[in-house]
Each structure stands twice: as C-alpha cells, then as structure tokens.
Ligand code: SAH
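Have a look below at one chain only, the form predicted on its own, in structure tokens format.
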Amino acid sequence: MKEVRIMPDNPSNMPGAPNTGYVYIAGAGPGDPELLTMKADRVLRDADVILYDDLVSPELVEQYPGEKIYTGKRKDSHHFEQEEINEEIVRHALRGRTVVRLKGGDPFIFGRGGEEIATLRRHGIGYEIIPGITAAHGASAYTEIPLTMRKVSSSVAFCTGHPVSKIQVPDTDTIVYYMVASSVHDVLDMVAAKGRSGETKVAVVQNATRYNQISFSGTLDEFRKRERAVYSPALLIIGDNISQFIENSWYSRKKKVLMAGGDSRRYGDAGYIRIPFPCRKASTADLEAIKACMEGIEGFSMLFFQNKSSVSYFFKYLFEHGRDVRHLAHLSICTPSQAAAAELLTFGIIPDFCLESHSSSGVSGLLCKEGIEHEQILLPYTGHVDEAMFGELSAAGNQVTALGVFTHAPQQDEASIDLDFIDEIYFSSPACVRNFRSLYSSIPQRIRITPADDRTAEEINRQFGN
C-alpha cells in the first residue's frame, strides 16, 4: 500500500507542487549506529540526498546509497551555517528529491529541528519528523544512570551548558546538561550557587554510546575542585540517582573489537562491540587537480560556485597558489544561492549571476534566461558534486569541470580510532593489514590480534613483527 503523506497547511502555496520533493527530519541517535530507528533506516534507504551532522556515526551514513552532504556544526567550527543548511534542504526538495536531514540524537532536543520545519513551511514543502534517541537517554542506558528512580528522583530536566550567561538550574531531582565541554565548571558553580548540597552526586559522560565512551563520577564539591579536562561531546548529569558503579556498567564490560574488513557477523554474541574499520585512507581534496585548475584558470570563462563553503575553500587554494582576485578578472562568476553570493562579498566580489531558484525546475530556466551556454565552467564543490546542477549546466551546452576543494573526513575516520579503547583487532586480509600499517606504526601489546587466515597472519608479522 502506498504511503499517504501529510502535506503542510498551505499546499496551494507550494511552488511546483506536483514535482516538489519530500523532507524527513530524522534523529540518528547519540552514536551507536544500532540505535537508529527502523523508520529512519527505511527512509534513509530511499533517500536521494542525506544531509548529516558531525555527531552522526560515519559508518552509519556510508551504508546508504543517497548523495551525502556533510553539514557539521561544532562550537567555533561550522562547516555549514544553519541558514545555508536550510537553503540546501529547500534547494534539493524543490528539485523533486527525497531529502533526509539526519541529526545526532533527536531533532527536537537542541537539534534546531524547529527552525528547519519553519523553513519548509514557508516554502510549502511536505515533511515528516522522525524522532531519535537523545544523548541523555543513551548516556543513561549505557552508564546505568536512571534519570528517574522511585523514592530518589521523580523529575528530570534537560539544559545546555552555554552560553554561560544563560545557564539554567531548574528545581528538579535530576539535571542533564548538554554541550558542557568548555563550561563544565561554570555549570557546577551555578548549581552550587543555587543551593545544591556539595554532596550531590555528579557524573560526566563523554562520547555516550560510542566505542570510546568514558564516564566518571563524584560529588559536586569534588568536581568543582577537579582540573580534569572534558572533551566534546560530553554530558553532565547531576542527581542522587547516580550509581557509584557507572565506570563498570554493562557497556564498559563488553570487549571492543576493531573489524578491519571482514564479515560483520563475526563476534556476534552479547559480549562484544564491533567497530567497523574499512581500512581505507580518508579522502581529501585532489591537490593535483586543484593545482592544475589554479594554474590553468585562464582557460575557463566562468566560475560557478556550488555553495557557500565552496567559495571559502576555493579562495583558500587560490591564495595558496600565489594568485588573487585579479586572476579572475576575465571570468563571469555565478552562484545558485544568496548565501554563496554573500560569501563572495567577503572577498570583494559581486557575482555576475545569482541563480537562486524557487521552483522545481532548478536553475535550468535561469540559465536560459541569462544566456549561460557554451561556457567553459569551473564548478568548485565541497563534499559531493551536485549531480543535478552539473547536469543542468552541461545540458545548456557548457563544458563543466567539477573541482572538489574540500571533502569532509568524518570525526571518527580510520586515522582517529583511539586504540586505547580497543581490546582486539580482527584483520580480514593482508591488504587490510598493509592499509592499517600506513595509518598506525604499531599496535599496543595488550591488544589481541586475530587474523582471518595464514596469509593474513604472515602479513601481520611482516608489518608489525608480532
């Protein structure tokens, strides 16, 4: 039976309604890929475009076929600003695509899901919200800290640790503070100032539900005296429901096995946590292609910036190759959005064309209107090239060269796996051993190494001398 979709309140105002796509705003959960809901999994399998955040597990996103656009945002380090994320969602939906906006945790708990649906309503785009397990619930389950507990805690509040000037201390038995990596002591001082006893129990949980989850606990007074660093992502939990045994929870007792390739069914019993490790180097921008384009910039007649971030990274490389805006004087410069146009202004450039489309026909009609055809176009992009845009530009008779100026390497890429949390490494082939050796010069002696066969064992001996 075909799924019935509930459309917005104003379908008559929907631009290009018959061809407009559909948007799912979905929560991916706090980190463990297996905490994704069945509904989110289903829509991800059918998605044309997936816009995902920094805290979404890379191994989760990579299993789905849709075009993937990294939109990570962390404090003082935004790859995409929220306004540009909104524009990207709308742009793809107006082209008739099925879009999944995938967020860490739950979309409506400090996830800006409300801002995004407001944008979709303004454009008359149909959408659904798919809830996810928020970080507080994940941390609670994986550390054995009940957020409510009979005769101990009958109320709980979720708060943020920033900005410091607006920290709230609600009168609840349990308080969970999100985003406290840089403000944990400010929060604790505020809690103490509101009259909480110095013996109140406190816990910090970092990387909740991930293979490298770590937690530690104490009293409010003890934590206020500590100099222990807290790293993002981190939660601060305050309340007398905190057990003294959280460092030895059911999750911490499981063996962590790094799966360097191999059958995902191995280590399938309840005693193991499998960490996928495909043993390939994280992709980056093609520096040779960038060099060739910078040195041959005179051969192009137009620069077409795919989005705002492609502008900033293009100029980064332009300057690194000893060139500046004077070398672009012969080029027409075009953007598909006001955000990209605004970014160009920071480099003193007003684009010749801003082809912001508000219909399902994309930019093709605007290309014809502006007479953009038979051009030699350089198309800088970040993440993934927009195939629809590339196709429309090419269909207008233009010769288009796509240039990747930045490809996101996820936070948990292969080179960032923390071996301190790994108990065993399983190698599925000699090639995986060699690729692993290119990333790590040694393997700690305490880690058990398991080869798939004799050839793999021989390669381990050659590479690591084990």
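Since the model is a prediction, treat every value here as computed from it, not as a measurement. A residue's number is simply how far along the shown sequence it sits, counting from 1.
Not on display, but discussed next: the form predicted together with S-adenosyl-L-homocysteine (SAH).
Taking the partner from the other structure, S-adenosyl-L-homocysteine (SAH) in the predicted bound form has no heavy atom within 4.5 Å of any heavy atom of Lys308.
Taking the partner from the other structure, S-adenosyl-L-homocysteine (SAH) in the predicted bound form has no heavy atom within 4.5 Å of any heavy atom of Phe347. By the criterion of a heavy atom within 4.5 Å, Leu55 is counted among the residues contacting S-adenosyl-L-homocysteine (SAH) in the predicted bound form. Contact check for Pro380: every heavy atom lies farther than 4.5 Å from S-adenosyl-L-homocysteine (SAH) in the predicted bound form.
Comment: S-adenosyl-L-homocysteine (SAH) is not present in this chain, but in the predicted bound form one of Ile109, Val325, Ala388, Cys354 has a heavy atom within 4.5 Å of it, namely Ile109. Scanning Lys201, Arg210, Arg274, His92 against S-adenosyl-L-homocysteine (SAH) in the predicted bound form with a 4.5 Å heavy atom cut-off leaves one residue, Arg210. The chain is drawn here without S-adenosyl-L-homocysteine (SAH); in the predicted bound form, the stretch among 185 to 193, 309 to 317, 339 to 347, 201 to 209 whose residues come within 4.5 Å of it by any heavy atom is 201 to 209. Contacts between stretch 134 to 165 and S-adenosyl-L-homocysteine (SAH), counted in the predicted bound form as any heavy atom lying within 4.5 Å, involve Thr134, Ala135, listed in sequence order.
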